[in-house]
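There is one chain below, alone, in structure tokens, taken in the form predicted on its own.
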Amino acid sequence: MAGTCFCFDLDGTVTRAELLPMIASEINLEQEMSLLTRLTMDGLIPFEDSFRLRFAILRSAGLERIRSVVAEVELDPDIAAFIADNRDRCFIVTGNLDVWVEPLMQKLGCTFYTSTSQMSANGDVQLKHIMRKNVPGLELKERFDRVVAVGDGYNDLPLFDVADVGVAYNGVHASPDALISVADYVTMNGKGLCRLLSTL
């Protein structure tokens, strides 16, 4: 057991935009994807059902095109700097797909827990397993004295449920009431979040 670790949601927390709507804009489905993402974040559509649907829509963009979009996404500079300074105890816990977010894995340099994919015989990306966020949270509780969770959406609730401290992040958009109600803290920007995390 070793001190405190920090688990960050990716989309709209570490990144300053939701990745799936960004990818959707490449295939002219941004409005539909933004609506689906918002309904999911608010808990009106179960995350697993939503992600399967969004994956089915977005896979037509092609893997290299998706990675090029993801590589260009803006990161919150304060959160990215905090992760860089604490790579051995910072983790990204995202429902997003491993092969899609690979450019951000390389950029941030910390451990990622993601949904996973596999390649079919003809080279197509197929969805293998959708991340349940409480699973890495429980795994990390075995390794660290305390787990701090940072997220902004309804699908972060399972992680907050198993974490010792939950921080609702409202830097890009407002967190749903369900998440705020179980959070120990609410922060409004990356600078304030990192100031808080440094005290925990």
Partner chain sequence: MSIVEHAVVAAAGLGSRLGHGKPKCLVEFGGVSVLAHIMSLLKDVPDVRVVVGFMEAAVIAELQRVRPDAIVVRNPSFRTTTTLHSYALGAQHLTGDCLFMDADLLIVPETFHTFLEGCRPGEARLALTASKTKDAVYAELDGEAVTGFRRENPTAFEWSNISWLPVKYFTDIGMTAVYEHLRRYLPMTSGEVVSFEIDTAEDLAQAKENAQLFGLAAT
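Model, not experiment: these values are computed from the prediction. Residue numbers count along the first chain shown, from 1.
We do not show the form predicted together with the partner chain, though everything after this point is about it.
None of the heavy atoms of L19 is located within 4.5 Å of the partner chain in the predicted bound form. Within 4.5 Å of any heavy atom of the partner chain in the predicted bound form lies no heavy atom of I23. The partner chain in the predicted bound form is approached by G192, whose closest heavy atom lies within 4.5 angstroms of it. Although the partner is absent here, L200 is a contact residue: one of its heavy atoms lies within 4.5 angstroms of the partner chain in the predicted bound form. Each of N170, I180 and D184 comes within 4.5 Å of the partner chain in the predicted bound form, counting any heavy atom. For the options R146, R52, R59, R65, the residue carrying a heavy atom within 4.5 angstroms of the partner chain in the predicted bound form is R146.
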